[in-house]
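Form predicted on its own, single chain, as structure tokens, below.
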């Protein structure tokens, strides 16, 4: 079967599965929207609908302290029919978002930037999965389908992150910056992906064209373009809202964590138990911890910028303030791009078992805490620690595999031998 036919069939089946679930189980979206594992205070579809209701009635959606999402989402979703009565348009929108995300992921796979970037050629570069297989893994991942059915705005953020990675791997600087600015506008933390994706875009451009500007000039131009794009989006938001109050209600909430609704992350429980006098200090420490990974990984793995960006998405899925399974899904969808590293990974069974265990037991522990009353917050927080452990094991194990792969290329005589740190 030709590649285009396979792609059309894959997208058709994936769209049919989603629309069938929306149609056959009309109460399922509302059920999943209420799950704290999927919806957070900054991505919840219910909160978005409340914001749209206030916006269409000429009331500031940020007055009530409930809506914490980007202002430009309001006119977009106000154009759609009310999903409570006519959900098909909204369902179709999220289905298309998944298909576009899969298409971007397939473009990344076809660029060969995962195994054979400009500065590094893996000795195992021929060990790879086809773009169709990687796209199918994304579209039929239960976490991806669950996220689509629940309709959080994190699905849009993931789409723009994937598009920015795809365009950077193709050397398309303008669209890469524009897509990343939209992702950063929606969720703030994707801006930390800019350094590795900038290097990825530069390497892809240098591979395609002989006349490439110096890296410093290239970086300055794209930093200014990103600042202009983000400034334009924020200015449009201020014009829409009539003031700048949305900054504190959107990005301020992510930075200062005033809403401690439980989620699959690590912050909410810690700051619930935190004394107020120490809160500012530990907020700074937690954010510094997230940011500190960017320069270290970008410098150490300069030859593999796509791998750095992928690893950072895994770190964000664990250490950002309001993560959900959508963030973990994005990382787990990018990992198969590095099929050549799988033989070097040592804890795949442990990691996969841990994630499956947390996925099945997590809802039960939340039920025991909130509904049955036979447990407490420690039950749910313990299982979120297990989920974070599973993702952290994959991140750490893949980092080891990437470094070992580099060593095998630089020192071929050590290939297959045990290496000890001295």
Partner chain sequence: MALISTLLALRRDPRILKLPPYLSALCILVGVVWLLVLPLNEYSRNTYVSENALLPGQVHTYFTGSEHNIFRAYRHEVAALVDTSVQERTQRLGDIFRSSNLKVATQKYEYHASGRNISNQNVYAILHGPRADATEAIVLIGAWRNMADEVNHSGVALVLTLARYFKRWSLWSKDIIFLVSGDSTSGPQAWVDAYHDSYSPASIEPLSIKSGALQGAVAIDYPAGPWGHRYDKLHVVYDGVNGQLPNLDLFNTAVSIASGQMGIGCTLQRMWKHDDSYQERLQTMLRGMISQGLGHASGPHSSFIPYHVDAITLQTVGNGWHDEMSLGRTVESLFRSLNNLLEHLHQSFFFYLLMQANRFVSIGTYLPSAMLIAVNFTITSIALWVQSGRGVSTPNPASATPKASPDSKTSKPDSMTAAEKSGAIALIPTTSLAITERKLFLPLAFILASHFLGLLPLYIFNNTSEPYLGLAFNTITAVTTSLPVLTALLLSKFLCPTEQETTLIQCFSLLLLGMYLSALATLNFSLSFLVGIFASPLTFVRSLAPQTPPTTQSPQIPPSFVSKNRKSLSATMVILLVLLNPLVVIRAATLYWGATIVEVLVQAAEGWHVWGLWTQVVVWLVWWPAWFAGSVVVAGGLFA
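Residue numbers count along the first chain shown, from 1. In this text the structure is predicted, and so the values were computed from the model without any measurement.
Keep in mind that the form predicted in complex with its partner chain is not shown, yet the notes after this line are about it.
Colleague: Is it the case that 364, 373 and 418 all touch its partner chain in the predicted complex, with a non-hydrogen atom of each within 4.5 angstroms?
Modeller: Every residue of the candidate spot has a heavy atom within 4.5 Å of its partner chain in the predicted complex.
Colleague: Taking 4.5 angstroms as the cut-off for heavy atoms, does residue 339 touch its partner chain in the predicted complex?
Modeller: Residue-level check for residue 339: yes, a contact with its partner chain.
Colleague: Tell me, yes or no, whether residue 357 is in contact with its partner chain in the predicted complex, where a contact means a heavy atom of each within 4.5 Å.
Modeller: Taking the distances in the predicted complex, the answer for residue 357 is yes, it comes within 4.5 Å of its partner chain.
Colleague: Could you tell me if residue 353 has a non-hydrogen atom within 4.5 Å of its partner chain in the predicted complex?
Modeller: Judged by the heavy-atom cut-off of 4.5 Å, residue 353 is in contact with its partner chain in the predicted complex.
Colleague: Taking any heavy atom pair closer than or equal to 4.5 Å as contact, tell me whether residue 54 reaches its partner chain in the predicted complex.
Modeller: Judged by the heavy-atom cut-off of 4.5 Å, residue 54 is well away from its partner chain in the predicted complex.
Colleague: Based on heavy atom distances of 4.5 Å or less, which listed stretch (227 to 235, 295 to 303, 175 to 183, 339 to 347) is in contact with its partner chain in the predicted complex?
Modeller: Selected range: 339 to 347.
Colleague: Of the options 28, 385, 368, 377, which one has a non-hydrogen atom that comes within 4.5 Å of its partner chain in the predicted complex?
Modeller: It is 368 that has a heavy atom within 4.5 Å of the partner.
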